[in-house]
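Below sits a lone chain in structure tokens, taken as the form predicted alone.
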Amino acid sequence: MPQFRQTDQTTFQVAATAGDARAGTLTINGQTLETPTFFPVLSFYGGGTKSSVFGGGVHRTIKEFMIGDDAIGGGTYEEYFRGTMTSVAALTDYGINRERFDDYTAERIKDREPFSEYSGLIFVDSGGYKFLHSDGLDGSDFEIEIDQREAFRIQNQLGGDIVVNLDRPITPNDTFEERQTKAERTAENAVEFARLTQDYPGARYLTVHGYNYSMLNRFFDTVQSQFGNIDISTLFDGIALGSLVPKKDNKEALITAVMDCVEIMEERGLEDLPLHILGIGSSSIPLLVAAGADTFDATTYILNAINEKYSVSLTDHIPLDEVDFSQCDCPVCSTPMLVDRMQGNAEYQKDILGPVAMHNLIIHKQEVQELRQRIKQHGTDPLINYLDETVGRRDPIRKQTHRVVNQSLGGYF
């Protein structure tokens, strides 16, 4: 059995609450993030080399923003990258060969010269959602069978500040027996992960899966049964709720999952741990923050850009060819060279859509910052007013907004 955590490099402190919503600070190895916060998903390695910031299409341009590269005119964008998410599974998204794979995993990301000035937290997902379908890492001319030990080896080699166990996400169409089997395999991995990482110099999160109280409670029971009498709150630094991506457009289902997970964490003495939501962003964030979630990750800021969608809020986008860039004062839209590119005046799509993705990310970060400020104000009215002024005015979401206000924020009166 794994031993209790002996290090105290990770702390999560709640500074203010508004109903179930929390605002606080997450500190890992001396680096602090204010919560709630959004981790932009980023592929650090996309098939290229040092000279191309390790390649990766629009991801490459985002990395150029992250490090203030001359390719995007320099600039200071560090504040938007104080936490980033990447995945073991992303290593072969671009069909790299085995030699390139070995090079990418040979040293920590932050030890690479292009990223040497980057000081943000890197959250390295195990990639279980992808391995579930592929049974391993598929490169252009190699395959690696991924198990818990191999997944952690790669997370460690990449230098993740936050790492999670290799999980087996469920799907909406799974049978009861399939979900139980996946829960048991995830729980077995969690035990090995806890053993492998007991001296790891970073935060380690436990992944959990389920869509409602009964499913999540059974999942926690399955995990706890593997650890026997050991209190799992002493082994992990956070909880990561997964399997929600197939339900990303179903706000009712997302809210139920988060509310029920929060309730179970309280019942099991895990309420002092941060709750991370895997793979969910955009318009869901305000409602899930109100329901008690602390951190998020998603690729939506990039995917929307690739689809030529320009964000004006977490819930609204306009087609790129209809944008009046003078209406936005973000650093991207205030830079004539980047505006010129977004208007289509560049040879490569990454140079046109990369700045759009960066703008979309800035909108994400600004909105989440506003949520933090609302939570820190007195009472629940500031946060309720924010929800009413934003997601609450959209017909498809209004009903769920009222539900969150009534169940998580104490109601309207």
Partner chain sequence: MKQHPEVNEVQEFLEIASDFEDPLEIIRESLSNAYDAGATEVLITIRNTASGSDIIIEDDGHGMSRDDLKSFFDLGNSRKTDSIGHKGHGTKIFYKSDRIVVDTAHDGTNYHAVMDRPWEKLNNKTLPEYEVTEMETRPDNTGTRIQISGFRSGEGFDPASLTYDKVHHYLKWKTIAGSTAHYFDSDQREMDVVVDLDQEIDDSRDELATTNQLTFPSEQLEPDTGEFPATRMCKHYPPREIEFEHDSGTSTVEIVGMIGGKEARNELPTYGRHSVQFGVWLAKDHIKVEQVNEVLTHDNEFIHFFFIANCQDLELSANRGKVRNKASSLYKELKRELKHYMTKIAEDPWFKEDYLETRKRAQLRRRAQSQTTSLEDRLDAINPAEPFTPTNRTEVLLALERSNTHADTEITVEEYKADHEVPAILLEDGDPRTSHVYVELTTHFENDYPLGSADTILCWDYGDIDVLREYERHGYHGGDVEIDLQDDRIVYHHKDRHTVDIITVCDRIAAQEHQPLTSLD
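Numbering follows the first chain given and starts at 1. Just so you know, these numbers come straight off a predicted model, no measurement behind them.
What comes next is about the form predicted together with the partner chain, which does not appear here.
Asks: In the predicted bound form, does each residue in the set Gly83, Lys110 and Tyr118 place a non-hydrogen atom within 4.5 angstroms of the partner chain?
Replies: No, because Gly83, Lys110 and Tyr118 lack any heavy atom that approaches the partner chain to within 4.5 Å in the predicted bound form.
Asks: Using heavy atoms and a 4.5 Å limit, would one call Gly19 a contact residue for the partner chain in the predicted bound form?
Replies: Gly19: no, not in contact with the partner chain in the predicted bound form.
Asks: At 4.5 Å between heavy atoms, is Asp388 in contact with the partner chain in the predicted bound form?
Replies: Answer yes; at least one heavy atom of Asp388 falls within 4.5 Å of the partner chain in the predicted bound form.
Asks: Whether Gly392 contacts the partner chain in the predicted bound form should be assessed with a 4.5 Å heavy atom distance threshold; does it?
Replies: Contact with the partner chain, yes.
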